[in-house]
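In structure tokens, the next block holds one chain alone, the form predicted alone.
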């Protein structure tokens, strides 16, 4: 059963909106609130991030409303939980679109969920802002209408960061292991392409099926190639089993693992001895920007933790701001007019702004360029952004960021 919570940041005009014909609601007519869906992984494997992501959508919407709303209208958030499960995500998205009449969905996490939800957004003609890495989310059929906007790096870009780290660390014989889904294979394929472009060779590649009690046979195949590092496209549960079985093998090798799998929960599950010297790679927020300072204060207030604890929460903070600025620029919440404005307010040229209030004022004098908390937020032709990456080394049971990788 879906754990549903409805959290409203504004209620003025709700009755008038509900009384309007559905076509007019879809076009954003009227003076009531603009309805936005927050669809986050509050439970399931994404739960370490989901609550913070949801709370930053609410906090950013409150800031927009405090500044007078977008195009003169308040934003109303309805929040749902994907359970980090595609089937549950689809049910929640249908509820948001059909019952709540939302005009955009923000914050899906995990490629399986986003790939399952984006067809519903295409059918409804509303944008999906997501934090997923699968390359398939950039192009048709998933993004056939150009309604998908990615605030996380693509798996291909993660792979390029892995390759840069391999060069910097002096690895010569990398192998790959990938969870059999679009995200896992996307990571390792992105790495292979980038590594081979540098003249290197991947000594072994294995794609493993999910939800196994053991990955020993796949691991032994990779270790037989005598790699000096294993690059993964994996999740926390399978990574935990893989590393336990590798440690039992006694064969020395280093690991490069995406940050959503090599995190404090992995260290807690396996202990410092097993996880020592693992390299965890994750995108890094735009930490020196004024937008990040505002996000960080909001996150600390809501979660009693620094904003650096949840890179995805900075992304959902930006989602609300850039959407509200595009609505302000369009002068309407009609998504056929708003979507073309997303690149206008997020990309150069224009006056650099760091908040909705600042951008709203600057729009009166011309174009703006929202420089976000999660990245500089310049969308390419596919709706993707390119954040920086952090190389974190696990030392003594703690994650230590040693350097930033720019691609």
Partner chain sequence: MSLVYARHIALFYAQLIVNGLVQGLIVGLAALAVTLVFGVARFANAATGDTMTFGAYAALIGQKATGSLVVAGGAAVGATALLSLTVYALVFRKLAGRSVVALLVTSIGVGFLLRAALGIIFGHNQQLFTVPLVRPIRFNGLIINPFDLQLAAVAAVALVGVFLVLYATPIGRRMRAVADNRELALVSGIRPERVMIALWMLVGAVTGVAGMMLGMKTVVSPELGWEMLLPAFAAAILGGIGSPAGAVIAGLLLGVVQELSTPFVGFTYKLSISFVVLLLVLLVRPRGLFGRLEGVR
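Residue numbers count along the first chain shown, from 1. In this text, the rigid core denotes the largest set of C-alpha atoms whose superposition between the two forms falls within 1.5 Å. Everything numeric in this text was worked out from a predicted model, so none of it was measured.
What comes next is about the form predicted together with the partner chain, which is not displayed.
- Under a 4.5 angstroms non-hydrogen atom cutoff, the partner chain in the predicted complex lacks residue 305 among its neighbouring residues.
- Contact check for residue 193: no non-hydrogen atom falls within 4.5 Å of the partner chain in the predicted complex.
- Contact check for residue 173: no non-hydrogen atom falls within 4.5 Å of the partner chain in the predicted complex.
- None of the heavy atoms of residue 277 is located within 4.5 Å of the partner chain in the predicted complex.
- Note on contacts: among 145, 254, 221, 95, the single residue with a heavy atom within 4.5 Å of the partner chain in the predicted complex is 221.
- For the residues 217, 336, 226, 139, the 4.5 Å heavy atom test against the partner chain in the predicted complex is passed only by 217.
- Only one of 311 to 319, 234 to 242, 83 to 91, 291 to 299 lies within 4.5 Å of the partner chain in the predicted complex by heavy atoms, and it is 234 to 242.
- In the predicted complex, 206, 207 are the residues of 181 to 207 with at least one heavy atom within 4.5 Å of the partner chain, listed from first to last.
- The two forms, fitted on the rigid core, differ between this form and the one not shown by 2 Å or more at the CA of residue 212.
- Comparing the forms between this form and the one not shown, the C-alpha position of residue 301 differs by less than 2 angstroms, with the core used for superposition.
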